[in-house]
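Next up, structure tokens for two forms of one chain, structure 1 and then structure 2.
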Structure 1
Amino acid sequence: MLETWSLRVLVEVAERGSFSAAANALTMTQPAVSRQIAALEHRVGVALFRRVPRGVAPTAAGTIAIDEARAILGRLAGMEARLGAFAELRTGLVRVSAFPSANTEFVPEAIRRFSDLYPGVDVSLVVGGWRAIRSGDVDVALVTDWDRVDDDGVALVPLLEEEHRVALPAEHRLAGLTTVPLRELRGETWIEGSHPDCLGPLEGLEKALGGPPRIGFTCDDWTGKQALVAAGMGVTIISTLAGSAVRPDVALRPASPALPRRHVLAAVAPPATRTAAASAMLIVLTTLAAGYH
């Protein structure tokens, strides 16, 4: 099967013009080179070098073999370079999945920083969720501690804690307060998301209200929730991660008693099987999260 090393020796012999010189250049001995070439010639059934007094000279077949060998070795080097680009993050792909509020500001900023650091690596924002980590369809998934991530094949890295705000129509009677007492919202219609990612049933809310919230709508679409609030159809709770992405006709106010915080974590493959790009993205995420108060 014509091993690569033979080709390397072949080219070196061709360039040096003698087995001895090639052996020196390759940090091996002359007999080793002699045997390599002899084995190669026996393999292909054709003499590749004529043994001349001062060394060796390629035959017609040898010239072809040398050219081919050069091309093949070049191709091999190219292959190594292309793969090395992955290892050195000069190319590649990292697929990120996040819940809606993280996608409003935090994740885009992380992607921006990542792309500055590694311009060659593509970043793709996908919808796989943390379960896709196992299957390899997602490299980094942002989750919260409300997600029941019970797969020990998925590593969790804490990023930050997000707080929650009550989202009111801008003209709501309580919108002028800096802090909204929750019990004042007992009679309001509430908008919930059915999926934990989308801020579903908030634990502790019932107790703070002094009774079960009256659920008027269920909407997983984060933009839709905002729209419903702006239209005066109800109130809801929105994560501070949403940041400045909230539309101006919706007011965000801290609640009293304070709403429970939610931990945001990055779900990634365990270090052993983790992509270099995923590790890099994880670092970007953690450093970015450290900048969040």
Structure 2
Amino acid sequence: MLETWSLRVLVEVAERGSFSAAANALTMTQPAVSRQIAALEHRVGVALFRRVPRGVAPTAAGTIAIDEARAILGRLAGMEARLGAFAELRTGLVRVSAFPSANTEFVPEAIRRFSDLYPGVDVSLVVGGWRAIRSGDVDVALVTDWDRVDDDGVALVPLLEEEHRVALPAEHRLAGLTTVPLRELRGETWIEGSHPDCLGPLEGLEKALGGPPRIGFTCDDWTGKQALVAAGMGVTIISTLAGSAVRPDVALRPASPALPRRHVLAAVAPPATRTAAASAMLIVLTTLAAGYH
């Protein structure tokens, strides 16, 4: 196996153009550099440099070796930097954004776990989204597969898959059923919410209802939407991600046919530019999601 120091000498000679210049940069003697290159050439069985009037230049094989060496050294440096930053999470900041239903239980629990693990790192819950990952204003953004995310410069990490339930007033005529036939709700008033905590793909709901839903209210506020349901003003759809946060005078029931599932993902910067705190939060989120029901 090749030694990393030999690769470093190889790259230095290529960049400096001579053994003596590389020796000065590496605080070595010129003969020591020459021996390193000779040993490397003997190991790979091919000449890596040729003599030129003012030093050396890479051969065709040397050019390939130099490119590979640069890549290997770069990856090693990146690994050292990332592991070092991870080990030093004694201070810092991670900024998280999420949609309302994720903020009812899932995200607060993730923040609690993260704060227990890294008490010196501040966690901020901010308004943003996956686009703010690119601008550097958000470190971790929770999104769903109902979002159209341009993944150029953004990495998407799957977290969990959630189901949806019909939300009815507790006294609704269908609240006593274990499963609500959607066609029975065709004449009901529907309450729309803000994306992605909305009625979902309306084409699927329209097909299940046997016609387009009659949307009477649009409410961006999570508690306001529940209040409208509880007051008997209409019905809506709520994800199981937020099921435990639903008020007692609202009944959640599975639907027939089943409502579309939704995948929740974490949008983060690519590994090369991701902060250590964002990487640590991502681990917390994926661990929490693995045991989430």
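Just so we're on the same page, rigid core means the largest C-alpha set that superposes within 1.5 Å between forms. This is a predicted model, so every value here is computed, not measured. Residue indices: 1-based, along structure 1.
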Between structures 1 and 2, the form predicted in complex with the DNA corresponds to structure 1
query: Core-aligned, is the CA shift for Thr286 between structure 1 and structure 2 2 angstroms or more?
result: no
Do you see a C-alpha shift of 2 Å or more at Leu117 between structure 1 and structure 2, with the core held fixed?
no
query: Is the C-alpha displacement of Gly187 equal to or greater than 2 Å between structure 1 and structure 2 once the rigid core has been superposed?
result: no
Taking the rigid core as reference, the Cα of Gly74 travels between structure 1 and structure 2 a distance in Å of 30.5
